[in-house]
Every structure is written in structure tokens, then in C-alpha cells.
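We begin with a single chain expressed as C-alpha cells, specifically the form predicted on its own.
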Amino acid sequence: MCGIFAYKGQKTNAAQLVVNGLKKLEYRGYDSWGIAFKTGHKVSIYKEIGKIGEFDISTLKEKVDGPINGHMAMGHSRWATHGGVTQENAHPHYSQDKTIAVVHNGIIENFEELKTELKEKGYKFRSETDTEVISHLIQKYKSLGPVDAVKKALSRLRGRYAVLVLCAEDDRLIAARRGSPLIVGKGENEFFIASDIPAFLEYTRKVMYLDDNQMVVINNDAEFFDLETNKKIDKRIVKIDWSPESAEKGEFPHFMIKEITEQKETIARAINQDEKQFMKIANEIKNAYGTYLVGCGTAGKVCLTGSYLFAKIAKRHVNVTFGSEFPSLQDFITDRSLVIAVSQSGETADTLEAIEVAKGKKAKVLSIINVEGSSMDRISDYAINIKAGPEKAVASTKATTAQLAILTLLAYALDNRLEEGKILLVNTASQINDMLNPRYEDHILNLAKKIKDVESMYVIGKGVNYPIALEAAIKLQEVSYIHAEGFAGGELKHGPIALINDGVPCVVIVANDETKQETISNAIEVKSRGGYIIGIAPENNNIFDYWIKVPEVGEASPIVNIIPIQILAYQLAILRKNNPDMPRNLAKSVTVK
């Protein structure tokens, strides 16, 4: 949540670079935005409500009193947590004397008491945010010097944060993190700091990661410090294998449809893994005294699907919980437990907290992530990179199916049938390649036109496709804003069927497995109450009012069955004039609790 970008180097158009970087991070927050830039011994701030996408740097030249050229600037795109969406609440935030500017991701849990303390000392607040206490605290300790003042201010904070600081009287860029991601990009005689790699990917692929309770001070070089011990840290430079083009829309109108289409390749990439590593992890699962799949949102539904896959393919029971609920189960965790954490970004706050709980109990942790070097990657005992490439649409698509592919492969590895699993998933990727074509999308678009004005719709599935029904409902909610709910087919008669009346769309996910006949029976129950039945299945059935064909892929059915729902959600969003890449009230990486 929220995007941070900063530049320090030899170029004199730092403000322009920061604006461009924020545009690439807008998927992380788009309530408001702002930049701070340094010219001489002055820090200027400019901020606006709304999206930065169409902003032109010439507007800045017209509205700012004085020059805007300089070698150092920073900016922030906001997803509101404390305080409404106003220009005053947008970042950056000044200190009272306007010599210090701060941008911040995260939540300061003790900001009310700090604010009261500062007010009693005469500090005036211009916003409702928790962030403004940071800039005022730094001013309070200004006599210590910029770096030590920042350290002292940070020592007073409780909660998660990523903080960047510009000081009018100092030429260094200062940044620190605890719980919220910050990544340093190293170019030729220049440095970038961002909350996500795509912001600076066109300039450099060399990165250094800030870990929790670490600070970086950038001048002619980048110096890293441990905030607790004050000792300097040597950082390894990691080269990212993403191309700049992979983080752009290219010929596609939106990232969401681009990323849906990329599933032709991403599933094949996901399963191209080190077989020895997979078998080693499978052995850890076999020897664990309790295995827990943990994720949030869509990743949580992937985890639930994984529990069915492990049971069906490997005859192995695993526990499933959302990251936010995991601390309530910690009494069951021991040093023989294994936690499998799933996250696209590798920075999901609740999942990171679950890992911290697990590590505190000395349990082993496997993370399934899409960002090499992310927080989850670095703190886990094992990590599997799903290799989906940058995913910028808020609604996850290609990362979801890549995660499902990894869990399917792990289930086969656990049953000593890894090669069989790989053959299945290679075949699945090939069938998806045939499936994703303009004619298929047009067929789903015709359905979207029929149902675009409905208020509610429902999705049912059974067995391994029950969690896919839940995930399908999330996709529809996220971008179409239609009230959608997913149910286990057999649960309809226990209450939800009361919601069905004439014309209500109900998506029925039917796999050619042991649940097929029961799922069709559930669809008949809905049809008899007037429901409009949309069948997602390898074969047509008389009960379907509209049939969307999917390939027959056996145990990989969850992967192919979610894809038409992704396309439907996208088409509905367009027809309802929503931006599918930036749905209201949502941001891509949930890095706050």
C-alpha cells in the first residue's frame, strides 16, 4: 500500500524522474500524491488529490515558486489509512519549520500520544496523518544532526514503517524501514529508492534490499546501518532478471488483461524449478509435525485450494489459515511445524507477522513468492519463486495460477510423482495457450453484456474447485463492484439458496471428477428457483444457460477454471466503466495491518 520513490544522483531533473517513478507505482495507491525536491538549501513540496497518471511536469513549473531543477527528490502515492483524502493529508509532510520533508508507508501505532506530546511543546499540525509526527520529531532532535535526528525520531515510533527524509540543510537522502518494503537501486553515479522494483527498472536492475530496523544514507555512495546497534552493514548487490518491458502495458489497454494473457507463459515458467529443491521441500512436509498453509486474500484462497490438492494427490492433511488469523493458532506451532506462506509481493504485512510467530516458535518456513529478495524471501528457510514477472494490476491473475501450479507440483512431489505432475502442468500450460484467444474473450464478453447490470451473483464449486468459487467471487467484487459470493455447492440448501430469485446469475464450476454429478445437482437446485446458470466446464450440459468451455486437465482444473472468471471480471469492469487496474479502496500490496 502506498508507493515511495526517490532519486539522488547527477541528473538535474530529479523531480521529473520522481514523477515518472510514481506513475509506475500508482497501483500501490492512488488517493493522492506528492513530491518533495531540493534546490539549493530549500526543500519544496507539491501535492495533489487523485491520480498522478496524467500529470505533466510543466504543471509543476507553473505552480511552484522558484526553480524545480535539482539532483535530489522524493515522492509518494497514497492509499489513505490515517486521515481522509485531502491535499493536506497527502505526502510529503513538512516539519514545522519547513526545513525537513518526510514520506512514509505504514502505520505509526503510538502517533496519538506522540502528537499530544508535540502539541504541548508548541508544534502545529497541518494534517490528520500519523506521518506528520515523524517530521516534527526529526525537527525536535535537529541539534543532533540530520542522521542522528532521524535515528532518534524512529526510536520513538511503534508500528511498521518505511520512511524517507529530505533536509534543506543537508545533501544526503535518508531512508529506513521496519515492516514496510524499501529497495535501493544502484545506477551509474546515481541511486533510487522505491517500495517496488518496477519504479526504477528502466534505469537499473542492480538492487540492494533494506531489512527491518535498517537505515540507508545516500550521498556519493549508499551507507547502510543497523538502527539497533548503530553498526555499518555491507550490502550485497542483487541483479534482477525482469526486463523493463515486462513492467509496461505495451499494446494492452490495461495491465489486468495483459497479465491474464501472460498466463500462456507464466505457468510454464513457474514449474521450471530445481527438482532437487522440490523433493527436499517435499521431504520437509513429510517429516513435519503439522504443516500450515498461510496467505491473505487471493493467496489465502490459493492456500485453501492447496489443502485440497495435498489431500487428493498426496493423501496428506495440511492446515489452512489466513495470515491475520495465524497468531490465534500459535499454541499449536512447535519446532517440528512447517509453515508454507504464499504471497505475490512477499511483503504482505499479516503474512509476515505469521512468519514472525512461526520463527519465534522455531518452526521452519517455506515462502512461495513472486519477488526475489522480498522480505518473505529473505527471512524464510526455503523460498520458491513463481517467476510470474511483475504483476501490477491490483487484482491478481497470473500470480494466482502460478501459485496454484507450484502447490500442485509440491503435492505430486510429496507423493513421489514429481515428473507426472510436471507433465500434467506442461500440458495445462499448452491448453491455456490454445484457450486464450480473441474468440474466447469475445464469447465471455457476450456474457458480460448480458449480466453487466445485475446487483448480485453467486459462484458454486465442490471439492478442489470450492476455493476457486471463493476466489472467483473475489475477482468479481474487486473490479466489477458487483456483489458476488462463493459457496460450496452442497451448502446452498443450508441457507444461501434463499438469495436466489428469477434471473440471478450463478456461475457453476464443474470439473470432470468425483464431484461432477453433485455439482450438476446443485445447479439444478438453483435453476429450479429461477437462477441463470453459467457453466464453466469441459463439457456442455442442458442445465447451463451459458456455457464457457475449459480444457480437461485432471487435477489441474483449478488453474483453468479461474481464468474465464478473470476475463469475465475484467470485461464487466470495462462495461461498468471501472478501471480494472485500480479498483476503488484497494491497493496492490497490503503492507499495513
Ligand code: F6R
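One rule holds for the numbers: they count along the sequence shown, beginning at 1. Keep in mind it's a predicted model, so treat the numbers as computed, not measured.
Beyond what is shown, the protein has a form predicted together with fructose -6-phosphate (F6R); the following relates to that form.
The three marked residues, Ala472, Val507 and Ser557, fail to reach fructose -6-phosphate (F6R) in the model of the complex, with no heavy atom of any inside 4.5 Å.
At the 4.5 Å threshold, heavy atoms of Leu137 stay clear of fructose -6-phosphate (F6R) in the model of the complex, well away from it. Contact check for Thr129: no non-hydrogen atom falls within 4.5 Å of fructose -6-phosphate (F6R) in the model of the complex.
Residue contact with fructose -6-phosphate (F6R) in the model of the complex: Ile218 places no heavy atom within 4.5 Å of it. Contact annotation: Glu262 falls outside 4.5 Å of fructose -6-phosphate (F6R) in the model of the complex, judged by heavy atom distances.
Stretch-level contact analysis of 473-481, 206-214, 429-437, 314-322 against fructose -6-phosphate (F6R) in the model of the complex, using heavy atoms and a 4.5 Å limit, identifies 473-481. For the options Met72, Val394, Ile257, Leu157, the residue carrying a heavy atom within 4.5 angstroms of fructose -6-phosphate (F6R) in the model of the complex is Val394. This chain appears without its partner; in the model of the complex, the one residue of Ser343, Asn105, Asn465, Ser375 with a heavy atom within 4.5 Å of fructose -6-phosphate (F6R) is Ser343.
Counting a residue when any of its non-hydrogen atoms is within 4.5 Å of fructose -6-phosphate (F6R) in the model of the complex, there are no hits in 277-293.
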